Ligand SMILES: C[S@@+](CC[C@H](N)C(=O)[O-])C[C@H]1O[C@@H](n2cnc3c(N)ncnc32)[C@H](O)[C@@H]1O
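Quick heads-up: it's one chain on its own, the form predicted alone, in structure tokens.
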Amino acid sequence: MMRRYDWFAGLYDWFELIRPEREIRENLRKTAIQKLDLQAGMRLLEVGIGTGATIPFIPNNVEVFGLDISFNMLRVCSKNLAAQTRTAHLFQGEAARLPFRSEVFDAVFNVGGMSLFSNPARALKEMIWVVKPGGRIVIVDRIVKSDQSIAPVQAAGDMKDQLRPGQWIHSNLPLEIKDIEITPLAENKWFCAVIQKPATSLTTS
């Protein structure tokens, strides 16, 4: 995956501009930022920052940290930040092995990357590990119909035939985490998971 995105980095932003679902992706990024409920002075980590497409939707008074597996994507991100006169602390690394201490970020999020990670369950636990007690984790990703973790919603009316996304998230959360909301987006092709870490520190690593 690192080699793939290193090769593709120079074309990524151009490809995003011509994609048929460009507007949908922009709305997904906006939704993720809105769900984070960011406040001035917060430390925010984006796992899988890519070329920085979400940066324009993040308030200027939030300190941004970004991690990506691809050096070349980070290089493009750095250039984009300079052009937008924005700043962010950029790191190369794997989502399943975040190079940060525990409980250092006020919020953590990812848009469109979890299904591509080699170990999304471990990445989820890492994201929980690095967020502060009381902090929020937001995950926006595709609903993959072949994923065995997705089951039909048992509900009446319009929801009856929809897919329930992100069941694997529930099964990989520490038992102490009870506050989680998962909602379908973009005509049930994507989902948004909002996870609230308890105000007391967890021992899960």
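Keep in mind the model is a prediction, meaning the values are calculated, not measured. Numbering starts at 1 and runs along the sequence shown.
We do not show the form predicted in complex with the named molecule, though everything after this point is about it.
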Please check if Gly48 has a heavy atom lying within 4.5 Å of any heavy atom of the named molecule in the model of the complex. yes
Interface membership of Ile69, the named molecule in the model of the complex, 4.5 Å heavy atom rule: yes
Does Phe117 reach the named molecule in the model of the complex if we count a contact as any heavy atom within 4.5 Å? yes
Check whether Arg43 has any heavy atom within 4.5 Å of a heavy atom of the named molecule in the model of the complex, and answer yes or no. no
Contacting member of Leu124, Val131, Cys77, Val111, with respect to the named molecule in the model of the complex [4.5 Å, heavy atom]: Val111
Would all three of Glu63, Phe105 and Ile139 be in contact with the named molecule in the model of the complex, where contact means some heavy atom lies within 4.5 Å? no
Would you mind checking 91 to 116 for residues with a heavy atom within 4.5 Å of the named molecule in the model of the complex? Gly93, Glu94, Ala95, Val111, Gly112
